[in-house]
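Next comes just one chain, in structure tokens: the form predicted on its own.
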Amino acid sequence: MRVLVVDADPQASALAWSNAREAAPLFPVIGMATPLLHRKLPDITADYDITLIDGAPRASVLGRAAILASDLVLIPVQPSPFDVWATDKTEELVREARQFKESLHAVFAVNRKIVNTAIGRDIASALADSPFPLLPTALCQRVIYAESAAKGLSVIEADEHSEAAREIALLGSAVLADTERLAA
């Protein structure tokens, strides 16, 4: 599949990650932290099968533009009361965006779950009242994420047999399955 990553976060983390690579990039990463993202992006993405938008971490004008440019909003949430409480603002942005784009879909993805902890196990029940489903795969807190990011690598490139690589593959499969279900 032809993939494009759009860095719509003023921190430009995806661009920094891509620029840290020594090898040729697996896919292009472009910066586009603009409130007009949803208007400019369709012309740019026409030649790609999948476009991933790395949005700003807080509910903002940039977040709103990224949501409006999306078909599926993947909302990362850490297993922490603070993160769960903060999802309200993102949920509100998605509800607002659905007034203009009824087909917009959103899901939660657990990120930085600490293995074998009560708070890690309880995240599903903490999100039970949310209007959006929780993907079945969680990304756990693992050193390889930071180590591979510093080198501009994906965790699959860094160690294809690692637990992190398995989690990323499962997350990708879950997102693609959700996308295909919506398209059907």
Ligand SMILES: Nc1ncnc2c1ncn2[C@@H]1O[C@H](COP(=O)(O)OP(=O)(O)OP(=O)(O)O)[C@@H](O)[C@H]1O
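Since we're looking at a predicted model, the values are computed, not measured. Position 1 is the first residue in the sequence shown; the rest follow in order.
Only in words, not in the display: the form predicted in complex with the named molecule, which the text now covers.
### Message
By the heavy atom within 4.5 Å rule, which residue out of 50, 140, 30, 124 makes contact with the named molecule in the model of the complex?
### Response
In short, 140.
#### Entry: Single option in 35, 133, 136, 57 placed near the named molecule in the model of the complex, where near means a heavy atom within 4.5 Å
By the 4.5 Å criterion, the partner-contacting residue is 57.
### Message
So, residue 46 and the named molecule: in the model of the complex, are they within 4.5 Å at any heavy atom pair?
### Response
Although the named molecule is absent here, residue 46 would stay clear of it in the model of the complex, with no heavy atoms inside 4.5 Å.
### Query
With the partner left out of view, is residue 87 within 4.5 angstroms of the named molecule in the model of the complex by any non-hydrogen atom?
No, residue 87 sits far enough from the named molecule in the model of the complex that none of its heavy atoms falls within 4.5 Å.
### Query
Should residue 173 be classed as touching the named molecule in the model of the complex when contacts are defined as heavy atoms within 4.5 Å?
No.
#### Entry: Touches the named molecule in the model of the complex: residue 11 (any heavy atom, 4.5 Å)
It does: once the named molecule is placed as it appears in the model of the complex, residue 11 has a heavy atom within 4.5 Å of it.
### Query
Can you pick the stretch from 125-133, 38-46, 64-72, 141-149 whose heavy atoms fall within 4.5 Å of the named molecule in the model of the complex?
In short, 141-149.
#### Entry: Members of 73-109 lying within 4.5 angstroms of the named molecule, judged by heavy atom, in the model of the complex
The stretch 73-109, when checked against the named molecule in the model of the complex, contributes no residue at the 4.5 Å heavy-atom cut-off.
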